[in-house]
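Read the single chain below, which is given as structure tokens and is the form predicted alone.
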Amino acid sequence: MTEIPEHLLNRSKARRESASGDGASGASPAVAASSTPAAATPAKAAEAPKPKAVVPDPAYVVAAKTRRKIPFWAMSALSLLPLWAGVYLLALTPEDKVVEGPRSMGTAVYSGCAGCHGADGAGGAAGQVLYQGSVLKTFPHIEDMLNFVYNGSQKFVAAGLATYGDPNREGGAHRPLGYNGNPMPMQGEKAGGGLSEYQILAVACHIRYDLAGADPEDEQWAAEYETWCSPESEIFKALQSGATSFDTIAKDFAMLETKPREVGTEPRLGSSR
């Protein structure tokens, strides 16, 4: 019997397998790879993650991010703004002009009188009462007060004058040595005292309008105050500069609406209002 060649047997076997459907298992790797479904590949099997939704920033956050920032070097300048503001306000505020008039100066001069008359003019063992209108009753005219303060009690006694001030004063006239026998010391420089004439006017203004209670706005005292004791008093300024004196005031200021009476540096009697 003739032997069948091996390659013919293999070919016959292959045909049978193909006919029975088993050929897929024996297919070549290239054919098997090409017949594999696309969905089975690992790259397509893994589903890609969905991107997260982006939430927009609120308006105030956007404004803060986009706002221009203050440079660090400017912070030191800004910290000085309150100081600059204070200096600016001081520069704009008008400076109060301090006018040293008769009453202001008289306050300092009166410190030498307080030992006898009391710090508030209430009087003492050696000095007359001045406050609560008392000195205004004694001297209704400031010129008479200036004359008596300038000369003092002993000059009045030496001149033979028994009273000073208003002779019709309520409660009786004042005698030069009538207060416990104590004299009023002479104050004027020419009389032997230590006060100039403008200092005597200053202390008289302080006594009358600060201690005795005369009201500069009261009709009774307004003219006197304006003429003698206001910060703008021309008489006070003239006495201070030496342009006038107690002996010449009446003549030098005769043009004033309220004409000053004679003061004088020699003792003289006073007058009633």
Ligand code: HEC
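Each residue number is its position in the shown sequence, starting from 1. All figures in this text were calculated on a predicted structure; none of them were measured in a lab.
Omitted from view is the form predicted in complex with the ligand, to which the following refers.
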Does H174 reach the ligand in the predicted bound form, with heavy atoms at most 4.5 Å apart?
yes
Contact test in the predicted bound form: K155 vs the ligand, heavy atoms, 4.5 Å:
no
Quick one: is L211 in contact with the ligand in the predicted bound form, heavy atoms, 4.5 Å cut-off?
no
Please tell me whether any heavy atom belonging to P167 falls inside 4.5 Å of a heavy atom of the ligand, as the geometry stands in the predicted bound form.
no
Position in contact with the ligand when the complex is considered in the predicted bound form, options L161, A191, M105, L195, heavy atoms within 4.5 Å:
L195
Partner contact check in the predicted bound form: of 243 to 251, 226 to 234, 56 to 64, 202 to 210, the stretch with a heavy atom within 4.5 Å of the ligand is 202 to 210
Would you mind checking 137 to 172 for residues with a heavy atom within 4.5 Å of the ligand in the predicted bound form?
T138, F139, M145, F148, V149, S153, Y164
